[in-house]
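One chain is shown next in structure tokens, namely the form predicted on its own.
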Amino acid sequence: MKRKAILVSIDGLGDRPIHELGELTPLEAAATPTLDRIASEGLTGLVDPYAPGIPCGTDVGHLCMLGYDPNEVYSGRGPIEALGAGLEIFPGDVAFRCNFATVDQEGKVSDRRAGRIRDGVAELARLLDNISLNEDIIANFAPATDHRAVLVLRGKGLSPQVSDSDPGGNNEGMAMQKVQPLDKTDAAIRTAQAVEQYLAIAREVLGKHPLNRQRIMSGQLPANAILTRGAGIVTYCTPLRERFKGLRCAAVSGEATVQAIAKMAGMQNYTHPGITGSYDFNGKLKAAAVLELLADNDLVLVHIKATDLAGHDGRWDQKKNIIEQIDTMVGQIKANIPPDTLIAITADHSTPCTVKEHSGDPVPAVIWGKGVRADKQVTYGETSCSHGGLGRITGNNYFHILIDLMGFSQKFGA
């Protein structure tokens, strides 16, 4: 018998003890009656999204969460971001994940996210789109979520084997990195030169734009440069409905990366202007969307990005508050689902507030529903879940356990 399930992805949920919270994590310190109730009646454990001790990105974390092996289907963040941003990408194209950023006159990065700029990015992106570079290369550019964007290079003889111009997290104050070929092929050299040419054009265009002048006058950081990273080429995933007996799937997310992963997995993407990938994620609206999609789908993924943002910003107080909002959202979902529906709650990675970056710490996980073997844990938190009946497993394992409980797994052997 088939059962439906809701998969709640709380981005960057895992954390480490915070002194100001009495050596508890933001999740452990938060008031979460619904999550605790689910844990007390469900099966808990810890999940290493990819593998123990290895930090992974939102893209890899969600591929694992949906049962894919990133070693087989992952070829860089760029193509995933391009798909999420609605850009066409063809074999031979090279795509890059980008940030609007703030740099000084010497090219040193003051802020990798330009103050998390949101307003006006579409206007800025239009000026950076469809630009002709040397050697018949065309650069296409599109905004993604908030300060994020996507660059796609199209032309003959390109390669994703080039380095990042982004100096990386927690490295404000460093200069933009020169894009270098990572091998000695003509294609890699040609691609690195094209990216460098594009970044120079972007700095010139953005530096003159009235929006950035207005931002400076109002005390905001200008978006006067583009940082590139995660070069990759197009890849293919076998849709979930082909892997698991016609499994019908949908996703609710305001974040372009997760929307792209969902599209790669053959899931229906739900969009609404009120659903964002930022702090104002509107849990009530997301819960309503989940319940609406559940009528015609077997599995509905709902993603919340705000916890990850708070981790990157080092805001343990804000992360705690967001978790409490998520608890309310899950309570709204739980109160209105059909009685035989499963609820699975986990994360794509940890983003500890003391680190301000993704870490290799495992994330807490739970599966709840009628017929699920409950363990003896009574709260949903990192320490409590470490004693749960799921044990410590990978994200891929977690998804297959959920699929089996739903009745969509296939027997291995005769």
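Model, not experiment: these values are computed from the prediction. In this text, the rigid core denotes the largest set of C-alpha atoms whose superposition between the two forms falls within 1.5 Å. One rule holds for the numbers: they count along the sequence shown, beginning at 1.
Separately, the form predicted in complex with a further copy of the same chain exists; it is not shown, and the next lines address it.
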Is there a heavy atom of Gly395 no more than 4.5 Å from a heavy atom of a further copy of the same chain in the model of the complex? no
In the model of the complex, does Ala29 come within 4.5 Å of a further copy of the same chain, counting heavy atoms only?
no
### Query
Tyr74 near a further copy of the same chain in the model of the complex, any heavy atom under 4.5 Å?
yes
Open item on the list: Would you classify Cys353 as touching a further copy of the same chain in the model of the complex, given a 4.5 Å non-hydrogen atom cut-off?
Closed with: no
Checked 354-382 against a further copy of the same chain in the model of the complex; residues with a heavy atom within 4.5 Å, sequence order, are Glu357, His358, Ser359, Gly360, Asp361, Pro362, Gln377, Glu382
(Q) For a quick test of reading the superposition: does Gly283 move by 2 Å or more at the CA between the shown form and the other one, rigid core aligned? (A) no
Residue shift check between the shown form and the other one, rigid core fit, His312 Cα at least 2 Å
no
